[in-house]
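Starting off, we have a lone chain in the form predicted alone, written out as structure tokens.
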């Protein structure tokens, strides 16, 4: 009886020791994420509790906004990142400048850099890579399946609405519009629309005359998440602009604000963002 009791106690002690070791290993993980998509993926893979710092573009989930910040993704400070004593750094390929990234890699801290997603395929690859590196392969598979299911629900539109996407409030003197090769264009096309601006790559100013000539059915205005905005004032400034009253989007009041982070990061919310735009596009072409 004594031997059996001793054996039972020994097994319990071993189990407690292993559990404590596992908890200790988890608690010592310190992850810094740089880039909105990287942060979203790490949190979605159930490793959010291990994140100790993020960059300014990491506006989702809400918990990430309460963490120490290491600067903007393209202009981080190596010293600021390393001061958080990370055990792992995860960033998108937008991370920079190059000398800061080189300093971080030279420090010996494991660093994972995923391509900045610009399509669902890019996102799936990033999820798979980080799922393996963060030992969350099952969560990665489930996350990928969820997004695929959302995107599969997008309606195929017989008529594609003509869309213009502004990166910020289109004031009287500055229309910063998305052109070829942008994530805005990729998202518009994913949702079943057409970006009618093909005159330039990237984001550039267009004239008021050009906007009228393009005759867009829908105008989208991207607003930074986590920043105060007077949405009513922004929309009224467009809808009541006398020079744009012949623009279909203005005439039919199809001017909408969208959150930049969710719409352009091609992070884990890409399915939600595309479905929301797809519904908007469908309603517009059906009217």
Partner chain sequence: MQPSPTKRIWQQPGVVLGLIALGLLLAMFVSAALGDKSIPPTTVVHALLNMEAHDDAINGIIVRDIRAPRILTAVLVGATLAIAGAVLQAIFRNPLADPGLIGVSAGGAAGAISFIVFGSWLIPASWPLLHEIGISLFPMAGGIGVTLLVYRLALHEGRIHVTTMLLIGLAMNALVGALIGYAVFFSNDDQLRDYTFWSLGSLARANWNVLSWLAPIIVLLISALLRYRRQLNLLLLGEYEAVHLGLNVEKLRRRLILFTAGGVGLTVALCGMIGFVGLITPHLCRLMLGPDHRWLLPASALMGATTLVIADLLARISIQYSELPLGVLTATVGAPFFLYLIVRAKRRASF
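As the structure is a prediction and not an experimental result, all values here were calculated from the model. Numbering follows the first chain given and starts at 1.
Note that the form predicted together with the partner chain isn't included here; everything after this is about it.
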(request) Using the partner position in the model of the complex, report whether residue 71 sits within 4.5 Å of the partner chain, counting heavy atoms only. (result) yes
(message) I'd like to know whether residue 213 contacts the partner chain in the model of the complex, with contact meaning heavy atoms within 4.5 angstroms.
(response) no
(message) Is residue 124 part of the interface with the partner chain in the model of the complex - any heavy atom within 4.5 Å?
(response) no
(message) At 4.5 Å between heavy atoms, is residue 151 in contact with the partner chain in the model of the complex?
(response) no
(request) Select, from the options 106 to 114, 135 to 143, 155 to 163, 213 to 221, the stretch whose residues sit within 4.5 angstroms of the partner chain in the model of the complex by heavy atom distance. (result) 106 to 114
(request) Could you spot which one of 131, 120, 179, 80 gets a heavy atom to within 4.5 Å of the partner chain in the model of the complex? (result) 80
(message) For the three residues 47, 225 and 236, which mark the spot I'm curious about, does each lie within 4.5 Å of the partner chain in the model of the complex through at least one heavy atom?
(response) no
(request) Within 4.5 Å of the partner chain in the model of the complex, which residues of 202 to 219 have a heavy atom? Give them in sequence order, or say none. (result) 203, 204
